[in-house]
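Quick setup: one chain, the form predicted alone, written in structure tokens, and binding and motion questions come after.
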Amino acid sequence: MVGLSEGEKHFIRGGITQDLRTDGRKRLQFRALSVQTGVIPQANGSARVRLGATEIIASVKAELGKPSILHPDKGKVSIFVDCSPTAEPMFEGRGSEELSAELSVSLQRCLLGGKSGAGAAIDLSSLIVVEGKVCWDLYIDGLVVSSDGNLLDALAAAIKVALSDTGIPKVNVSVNAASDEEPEVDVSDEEFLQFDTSSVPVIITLTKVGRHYIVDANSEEESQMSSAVSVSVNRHGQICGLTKRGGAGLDPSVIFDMISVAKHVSQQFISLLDSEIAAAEAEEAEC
């Protein structure tokens, strides 16, 4: 928990009111973003993302599995978040477990839709190898290495970058197996298919402080919030998910305005993330 004096709190709130935050940013301006890919060689895809002083490492592991009976034409994606105790004193003990679970659920809602998979921003049908029998299971892990606010947005960005770095091994399926038998599969060690991230959204969290809301709030700013709305938006401006935290209620007109602002800001952030991904991949290729 951030300990601030009354003067510091007044300074933060006053700066936001005047559209000049304590670090010099405007209300709808992000902190510096840096991206690194291929940070975990053992994973199918991985990335390190820094947003200001918040740092996230995300990894993707692909394993062959069996589709569920209810969704034989879709693969499966699981998202897990771990908050390192060294990232923040409050992460020690049960505080870490509760926040990790909350972030995991929010990412599931924003990226994977409902429990049925309906509305999933990640194309689960692309993970099918043999309908009803063989699919790819993606296990996505996010590690909070350093925390200075806006964890959900940073985690979503790291996952998007890690998925762009993910290569799914090419699978050859035996055509001789009878329809009621388990097919024989041969997984290539040399040929990989790049995971398509064109539909994977970013998450933009608008944090309400006083009468105004800001993007990419740091820890001190979050300590002064009354509520926050996180909107998952893809590059086409489509809303893929929404989640709210904080005890204060919001008028529907305010929520609609926040969604509109999130859609606008998301396109700027996606363009920035795309350019950072391209630079990181070029740097990785040179190594």
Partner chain sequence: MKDRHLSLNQTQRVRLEAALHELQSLAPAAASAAAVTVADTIPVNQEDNILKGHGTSDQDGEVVATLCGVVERVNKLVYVRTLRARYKPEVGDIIVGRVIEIAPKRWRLEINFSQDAVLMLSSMNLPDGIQRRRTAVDELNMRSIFEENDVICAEVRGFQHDGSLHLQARSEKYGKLERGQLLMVPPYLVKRKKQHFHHLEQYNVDLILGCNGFIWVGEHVVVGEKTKPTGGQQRFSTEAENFTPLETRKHICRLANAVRVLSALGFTSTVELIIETMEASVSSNVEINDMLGAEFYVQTAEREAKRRADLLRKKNGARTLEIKCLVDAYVWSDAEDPNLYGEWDFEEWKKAHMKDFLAMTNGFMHELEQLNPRPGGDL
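Residue numbers count along the first chain shown, from 1. Every value quoted in this text rests on a predicted model; they were computed, and no experiment measured them.
Not pictured, yet referred to below: the form predicted in complex with the partner chain.
- At a distance threshold of 4.5 angstroms between non-hydrogen atoms, L20 is in contact with the partner chain in the model of the complex.
- Taking the partner from elsewhere, R27 is found to have every heavy atom lying beyond 4.5 Å of the partner chain in the model of the complex.
- None of the heavy atoms of S199 is located within 4.5 Å of the partner chain in the model of the complex.
- Looking at S96, you'd find every heavy atom of it more than 4.5 angstroms from the partner chain in the model of the complex.
- The contact with the partner chain in the model of the complex, taken as any heavy atom within 4.5 Å, belongs to A53 out of V254, L64, I239, A53.
- A heavy atom within 4.5 Å of the partner chain in the model of the complex is found for one listed residue only; from S223, N234, S34, S68, this is S34.
- Site residues S5, F11 and G14 are all in contact with the partner chain in the model of the complex, judged by any heavy atom within 4.5 Å.
- Stretch-level contact check against the partner chain in the model of the complex with heavy atoms at 4.5 Å: of 166-174, 124-132, 142-150, 199-207, the positive one is 142-150.
- Interface residues of 227-265, taken as those with a heavy atom within 4.5 Å of the partner chain in the model of the complex (partner not displayed), are absent.
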